[in-house]
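Next up is one chain by itself, shown in structure tokens, the form predicted on its own.
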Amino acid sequence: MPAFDLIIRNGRLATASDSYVADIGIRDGRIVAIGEALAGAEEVIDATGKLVLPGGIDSHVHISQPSGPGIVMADDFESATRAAAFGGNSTVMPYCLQQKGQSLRAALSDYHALALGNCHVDHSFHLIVSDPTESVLGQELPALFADGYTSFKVFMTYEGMALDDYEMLSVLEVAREAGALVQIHAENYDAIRFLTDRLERAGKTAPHFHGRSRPIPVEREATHRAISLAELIDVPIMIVHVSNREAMEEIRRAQARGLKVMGETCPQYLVLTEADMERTGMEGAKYVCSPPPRDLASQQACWEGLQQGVFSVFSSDHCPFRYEDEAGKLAPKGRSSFRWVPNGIPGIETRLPILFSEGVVKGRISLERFVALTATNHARIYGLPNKGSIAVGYDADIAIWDPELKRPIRQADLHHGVDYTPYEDLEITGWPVSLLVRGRLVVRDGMLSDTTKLGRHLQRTRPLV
């Protein structure tokens, strides 16, 4: 009987701390040996000249999420997890949204039904708390934490989702008692409403005015307030999708004071700018997301946050809406004002290639830092045991990369359910070419090799923060 089901031979392995050439032996979906000249396998993959990295963990994605009357997300679990796999990701973490008047248990039951049997990669859910009633705070959240749903998100903006400060404090207090981690979308809702109303009265309704309605002070103030509220309760938080220096510096100052405040940034804040929303006609709607892309100085600040450890994770904030679709970016109300353009852009497949090309290849970050930002830190922070690294005993979630492969990002080559990519023609050096999920080759040499959709929902442990 062979010692291994599969050996990956002669690749350069990388973890968050080092890199070296070695073989990996895989059996029953786990890494069981790392060494030289391993032998005795049913199958051998020659990874000479390739990088062998942990499968990416994208801890901030939106899939099949309710998006308002007449608006439909472009990705279901099948298409989103297929795109994730081609992008080198072995685990995704989408959001289960509680709508007003709905119990969290009911929302979870519905969301699990959408995912069941439709996932190419593994997945685990965050909860979005939009209606923190007494029963949600006192009964549902503690019970769900005990069941392995150990992180959730709250919003400081969006109609029907924004929590006031009292509600925020109430949710944070429950999280502290349970040992959960809270993600916070930090933008000042009342300031955005005020600016939006003023812009519309002036007839400034084109897509690019979306950015003007959410300027940097809106994000900076909310970030400062979120940190202050968390400090009152003494609970760890993650400020998600940070777009600029001012918000980043708020997080840095909190960390310097010893507060448990973490930050996340995303590809759109590294390679897009506000100028992208100024494209002709409704083309700018393709780039409408929140917070919006900023300027070149903000891009540099986000790189500094990644380099210096202010940001712990790098996620896509994949929020997909089709462009040529009245249920997407060209919704009739969206044509009348930026206020109604569906908010979000796709990026689940392009997250890792963008950071590798712009970061590792261009010398901004090391390969080891890349692994930490895209896999290892996500597993540690969100309580995913045996994920996010290459080590004996860990799940064989492995992405094989060709670091020399050069080609532009093209919508025609992608696998998501959207009809465009905001990163069209961005030149990339270094692409994932194969992906294993628990030892199963899902993508092999750029082709989908396993269509069985055996991705699992992952129970999580207490976050390690």
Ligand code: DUC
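We number the residues from 1 along the sequence you see. Note that the structure is a prediction, hence the values are computed from the model and not measured.
There is another form of this protein, the form predicted in complex with this ligand, and it is not shown here; the text below is about that form.
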Report yes if any heavy atom of residue 158 sits within 4.5 Å of a heavy atom of this ligand in the model of the complex; otherwise report no. yes
So in the model of the complex, does residue 343 come within 4.5 Å of this ligand, heavy atom to heavy atom? yes
My question is simply whether residue 241 lines the interface with this ligand in the model of the complex - judged by any non-hydrogen atom within 4.5 Å. yes
Please tell me whether any heavy atom belonging to residue 317 falls inside 4.5 Å of a heavy atom of this ligand, as the geometry stands in the model of the complex. yes
Spot the stretch among 419-427, 37-45, 58-66, 22-30 with residues whose non-hydrogen atoms come within 4.5 Å of this ligand in the model of the complex. 58-66
This ligand in the model of the complex has a heavy atom of only one listed residue within 4.5 Å, and of 212, 220, 153, 252 that residue is 153
Using heavy atoms only and a 4.5 Å cut-off, determine which of 196, 290, 79, 170 is in contact with this ligand in the model of the complex. 290
